[in-house]
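Below sits a lone chain in structure tokens, taken as the form predicted on its own.
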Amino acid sequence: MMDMLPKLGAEDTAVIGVNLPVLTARLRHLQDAFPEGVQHSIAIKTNPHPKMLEFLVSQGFGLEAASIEEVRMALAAGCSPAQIVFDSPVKTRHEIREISSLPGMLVNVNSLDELDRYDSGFKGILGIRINPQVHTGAPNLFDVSKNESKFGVPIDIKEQIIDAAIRYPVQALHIHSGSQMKDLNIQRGALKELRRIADTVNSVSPRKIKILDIGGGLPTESLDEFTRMEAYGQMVREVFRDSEYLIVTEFGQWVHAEGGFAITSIEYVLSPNKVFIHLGADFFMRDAYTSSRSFPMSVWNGDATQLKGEDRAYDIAGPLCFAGDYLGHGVVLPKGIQEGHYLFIDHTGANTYALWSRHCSRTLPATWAWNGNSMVKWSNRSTIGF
């Protein structure tokens, strides 16, 4: 891809990239891993670039929105309301009125109190978000199913959930067991309990619950061998065998991470091992402020040949006036890095562009997409206003 990158202008110190063949392969793998008929709604917050949303919709995928702004983005991308999931935990009455006329949109309430905000004119599908109160090994910061979570109705008041599902025009139940789930056996138990609750409601009011939204993400992974996603899909087949529920998923990071890359020019190399680049805590905000992911990196010359040779450990510093603005410490790269070289950073597709920081009012780089043959510009550089 480096040899296909258009010549950068003087102000284009970095580029955000999307690898469409990689992204497409992951989308196909996701579909193949699950039973036919599952609705996959990709989390907008993971990568909300408008062209990305249009691409996902063009491939037949739905979108999951965590805010009213993301609902609007999904609609602007051409997504049918029936393939949009709206999961904001703090929906306002005004927002509810705005989406009430959208037929078929799955709207998950975050509390039983929220159910009273929907009147007879609501044309969407109402769901209850249940906190399964399990720990699937997700990092603590992204664990949405612990006992004190702000998300969903605790499953330990199951009888109240069942009563509300019967009394209100509820047609769906939703659980979310945290991003980057590691222990699928625990998730299996949560899915079984979700089905038991749905079956109980339907035993009183036949066919009342039609949709089960099984939110929860998986860590990114290679597709070279039998994957965790395939194991999860098999588990879903087993748990919901012989049921008629429409199953909805909400994956984000697993889909996007390996389908993105970034390229930045190297501006300074200071003795003995400090490299300054033009992407830092602005693009890699989650990594700078929590814990850094291990992004594959390589160094390239201006003529698109890769720099190789004896390795050296470098500290990779970003451009912000913030002491923690490092992409990594002790990163092993070839010796001989200098001004004018480029750092290629792979697997940057998730929670990077989406979290672009306004710190130091940095300009958002242009976004390009690699389609397997050439680079296509998705957007120009953009100043992020306040």
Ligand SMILES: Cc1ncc(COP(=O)(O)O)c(C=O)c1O
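Because the structure is a prediction, the values reported are computed rather than measured. The first residue of the sequence shown is number 1, and the count goes up from there.
One more form of this protein should be noted, the form predicted in complex with the ligand, which is absent from this view; the next part is about it.
Residue heavy atoms within 4.5 Å of the ligand in the predicted complex occur in exactly one stretch of 55-63, 40-48, 22-30, 314-322, and that stretch is 40-48. Each of 174, 216 and 251 is positioned with at least one heavy atom within 4.5 Å of the ligand in the predicted complex. Taking the partner from elsewhere, residue 129 is found to have a heavy atom lying within 4.5 Å of the ligand in the predicted complex. Using a 4.5 Å cutoff between non-hydrogen atoms, residue 180 counts as a contact of the ligand in the predicted complex. Shown alone here, residue 87 lies within 4.5 Å of the ligand in the predicted complex, counting heavy atoms only.
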